[in-house]
Every structure is written in structure tokens, then in C-alpha cells.
Ligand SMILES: Nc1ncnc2c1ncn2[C@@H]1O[C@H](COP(=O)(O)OP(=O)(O)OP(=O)(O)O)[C@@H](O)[C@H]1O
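Have a look below at one chain only, the form predicted on its own, in C-alpha cells format.
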Amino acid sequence: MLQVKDLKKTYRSGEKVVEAVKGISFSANPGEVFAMLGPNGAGKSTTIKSILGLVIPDSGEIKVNDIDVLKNRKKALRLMAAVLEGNRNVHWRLSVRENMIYFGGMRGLGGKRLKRRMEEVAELLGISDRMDQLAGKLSRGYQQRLAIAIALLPDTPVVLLDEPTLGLDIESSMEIRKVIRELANEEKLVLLSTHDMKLVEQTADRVMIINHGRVITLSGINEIMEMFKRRAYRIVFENGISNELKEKLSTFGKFSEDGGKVTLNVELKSADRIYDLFDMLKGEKPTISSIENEDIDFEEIFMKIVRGDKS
């Protein structure tokens, strides 16, 4: 559904040159939540705006359902809808209903078709009982739901969501997660750009992490989680260990003590290092009460990858 090949973009301001995107390539499919992550300045916004035709790249190719975005932007845009930078596609002085009529009309919707579609997306986003409220009087969570509802009105096969849970409370964020998964279940491609790691962990099928304009990693969310989980262990020593062994093992992780028990939280940069660890333990043979995988959340994983600790 979406193909991006060798995308490059350089910005110039006077004598200053910034390479925002340095050859990014990826493809994404219908029925998939594809998350794009990266620190500020990584190139996410430039990539998204290039896909939407809002930024003209220096080189590269972008196709939506085999339609070249750079050569036939108007036709390609009929297949896409977007929420950019939170909830900025909302007019505060219009009601929820008026916003939907206005933006639906801009996408060529009207009459019974628009009315039916408004009812569908209002039900999906849980805003049916707020149709006549002014958008500016809604809570931040409901403003965000309205912004997403507006994007969903044209029923496009590709939906780009930039920070859809920005500033939301826990309950509203959970509702947005459900909506995103429902969109994927309808065979839509959801391209997600966010700093909300829980959102990514609970909704994304694949994750692309970019930094300094390049792709660092692109893999399934489960594969990324497993890759790091296999290398994070918690070893509990029942009767403590000698200072000499503790000093040797400190190269593998950090120690903590509780009631006579000593725990080593191990982080292995290479899977082969586990054998070095066991060799050290075999030499002294301390009493080990448990060895288990340590829980690791996606925010930790993201930071490790950005720092280059994914080998």
C-alpha cells in the first residue's frame, strides 16, 4: 500500500545545510499499524510530510497503491488522511457536527453519504453525544477524538496519525489505542508517529526507528521485544557473594541487595556473553536461588536502540 524508496531531503538556511533525511526506505501494508519512532530532529516529520506531498524531497520515490505521490499528488491524496501535530485540524468555534460537515465537504463528501459516515465515525470515536458542543469547549481528549474522526470521514485506506495521544489522560489514550487497532482490523494501513511508547507497544505490528535521518532498525514489535528480553536477566544469590566475584560480575550489570539476598540485573550486549557469565559463576559456585528473564519495557528498548546498543 505504501512504498518509500531512498528518500532524501536537505534544508538550507543561508550557509547552514541540514540533511534531514538520508536515504530512508520502507514499505507498509493494509491491515498494519506501522510505527515510526525517533528522537526530535530524527527526520520523522520530514518523512511524513513528504508522503503527504507537503514537502518535496530532493530525491527518492513515494508510492501509495502504486500511485507516485510526487508525480500525481492529487490522485494519491485521495487514498490518504492525516492528523498532524495532535489536534490542529479542528476549528474551535465550530461545533463537532459543523467541523465534520466542513472538513467532510472539503474531501468531497455530502448529503446522505456524509451523514451516514459522520454517524459511523462518531460512534467509533465515542463522540455521538457531543455533536452539538463547540470544539473549543471540549476536553483535550475529546478534541483529539474529533481530530481523528475528521481524518476518518473520507474512509481512506491509509491513515497517518502524528502524536494521536499527545496530552491525553490514561482513559482517553486507551480509547485511542482501541480505535487504532480497529482501523487495522478494517484492513487500513495506519502509519503512526509518536513518543508514546505504550501506544506503540500495544498497537504496532512493525516499528521503524530512525535517527539522524537514517533507519536504525525496522522489525516486528514482538521480534524487537524478544531480542532484548533474551539479553536481560535477573540472577538472585541466596547467601550473597564474595567482593571479588561481585567486582568481576559488575561488568555484566548492576547489583542490588535486600535482606541478605544479592541480585544482579544483567544486560548482555551480545548473546554470546552469557557463556562468559556462567564461566565466572562456575568458578566460585555461589548459591543461586533464581535466574529469570528481566521484564523490559519498550521505552527502554527504544533508548537502547537509539544509543546503538542493539547489536
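Predicted, not measured: the structure shown is a model, and the values here were computed from it. Throughout, we count residues from 1 along the sequence that is shown.
A second form of this protein, the form predicted in complex with this ligand, is not displayed here; the remarks below concern that form.
Contact between residue 291 and this ligand in the predicted complex is not found at the 4.5 Å heavy atom cutoff. Put simply, residue 195 is close to this ligand in the predicted complex: some heavy atom of it is within 4.5 Å. Put simply, residue 45 is close to this ligand in the predicted complex: some heavy atom of it is within 4.5 Å. Contact check for residue 85: a non-hydrogen atom falls within 4.5 Å of this ligand in the predicted complex. Note on the interface: of 23-31, 65-73, 36-44, 249-257, the segment with non-hydrogen atoms within 4.5 angstroms of this ligand in the predicted complex is 36-44.
In the predicted complex, the residues of 1-24 lying within 4.5 Å of this ligand by at least one heavy atom are, in order, 11, 18, 20.
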